[in-house]
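There is one chain below, alone, in C-alpha cells, taken in the form predicted alone.
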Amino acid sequence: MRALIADLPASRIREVADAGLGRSDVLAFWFGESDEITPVPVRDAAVTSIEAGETFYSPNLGLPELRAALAAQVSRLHAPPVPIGPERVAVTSSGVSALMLAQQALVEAGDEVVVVVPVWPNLAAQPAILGARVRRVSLQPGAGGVWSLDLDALLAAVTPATRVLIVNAPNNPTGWTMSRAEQQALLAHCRRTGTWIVADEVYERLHYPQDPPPAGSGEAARLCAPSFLDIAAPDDRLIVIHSFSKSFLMTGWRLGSLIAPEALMPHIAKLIEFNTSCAPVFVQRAGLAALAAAPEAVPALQSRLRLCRDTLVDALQALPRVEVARPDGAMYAFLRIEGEPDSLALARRLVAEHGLGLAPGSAFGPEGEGWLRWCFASRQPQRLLAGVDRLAQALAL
C-alpha cells in the first residue's frame, strides 16, 4: 500500500454514523442527503429501461440524448456567452467521479493545487492521492457564524505555479455562496496565471436569495447560484462539476456530469473508460426523467428546503451558547457551541447520549474544527425541531 493512501484519514462523518448503527432512536442529520426518496417518474424511467433490457454498456461520455439535455439545461439556466453544446458535456458515474476525472486529467505528482476550505474532504484528498501539493485557503467565520472569502488572500495564493484551483460554491459545509464579482475576479486572475479552475457546483440549484421570484414564474425555474459558466468562454481553463444527487434527490443513483472545453473531451472519454467505462443506461434514463421534471420539481424542492433551513436556524439561534448563520446555499446549517472545541468528541457524545446525529466540523479539515454540520433536507420540519430539542437537552446538562 502506498504510504500516502495508508495515511489518508477515514471519513469522520462515517465514524460518527457507525457509532449509531443499529439504533432506531437516532435522529440522523449527518449525511448530505434528503430523507425524501427519489420521485416516482424518475424511478419508473429506470424500471422501464431495465425491463426493456437496457443493461449493456453505453458510450463512455454518456447517452447522446442525456448529454444534449444537460447542455440545453445548463445553457437555459446560465445563458453563457456561447451556448453550451453536448460536445462539451460528459456523463459520469457520480459527481465525485467527475471531480476525480478532472483531477486525473489535469494534475501530476508535484503540481500545486489550491483548495478553498473548509470543504467536503474528497476535494482536497483527490489531488493529494495523485501526488499534488495541496495548499488550503480558508473561508473566514465572522459575526454570527457567517463565512466569507478573503478574495485578496486567495488571489495571492494562486500564482503561475498553481496548476488547479478548486472552489466549491455553494459550499459544503458552510453554505457560503460565491458572488458574481468574486467569480469574475478569480476567472480573470486564473487567465493571467494559466491556472485551471475546477468548480464544484453540485449545489447550484439549492440557493436561497433574500427575494426569491414567485413560484410558477419563469425566473423561479431558473433560480440558481452564480456560476462560472455565466461568464466563461468555451476555451477557458474551466471544468464545472454537476450532480443529480442533491437537486433531484438521487444520491444513491451515482450520476453526475462535467462541462469542459471541447478539446478535453476525447481525453475525458479515455479516463472514463479506465475508471468506470460508463454510467449505467438505466440510471441515465432516470436522469433524463429528472431533467424533464426539473422545471416544476426543483423549485418545489427549493421552497421546501428554504422552509427547513429557516425552521432549523430559527430554533438553533434561540438556544444559548449556539452560534449559527442562515446559509445562502446548499443544505446545511454549520454551527458551533461555546465551550465545545472538539467537534468529533461532541458529535460522538450527541449520538451516544442523546440520539442526535450530526457531522463533526473536523471532517471538513482543521478549519472546521469546533463546528458541527446539520443537514436540514427533511420532508418534515418537525423532525428538525425534535433534533433541536435533543440538542437543547444536551446543552442543559
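Not measured: the values here are computed from a predicted model. For every residue, the number given is its place in the sequence shown, counted from 1.
Keep in mind the form predicted in complex with another copy of the chain is missing from the figure; the text below concerns it.
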Exercise. Indicate whether K246 is a 4.5 Å heavy atom neighbour of another copy of the chain in the predicted complex.
Key: yes
Quiz prompt | another copy of the chain contact in the predicted complex: P81, any heavy atom under 4.5 Å | solution = no
Quiz item: Would L385 count as touching another copy of the chain in the predicted complex under a 4.5 Å heavy atom rule?
Solution: no
Quiz item: Can N168 be called a contact residue for another copy of the chain in the predicted complex at 4.5 Å between heavy atoms?
Solution: no
Quiz item: Using a 4.5 Å cut on heavy atoms, which of D35, E338, E65, E353 is close to another copy of the chain in the predicted complex?
Solution: D35
Self-check item: Sole residue of L187, V96, V137, A294 within 4.5 Å of another copy of the chain in the predicted complex, by heavy atom
Solution: V96
Quiz prompt | Contact at R205, D342 and G365 by another copy of the chain in the predicted complex, all three, heavy atom at most 4.5 Å | solution = no
Quiz item: Pick from 121-129, 152-160, 72-80, 301-309: which stretch has non-hydrogen atoms within 4.5 Å of another copy of the chain in the predicted complex?
Solution: 121-129
Quiz item: Which residues in 90-119 have a heavy atom within 4.5 Å of another copy of the chain in the predicted complex?
Solution: S93, S94, V96, S97, M100, Q104, A105, L106, V107, E108, A109
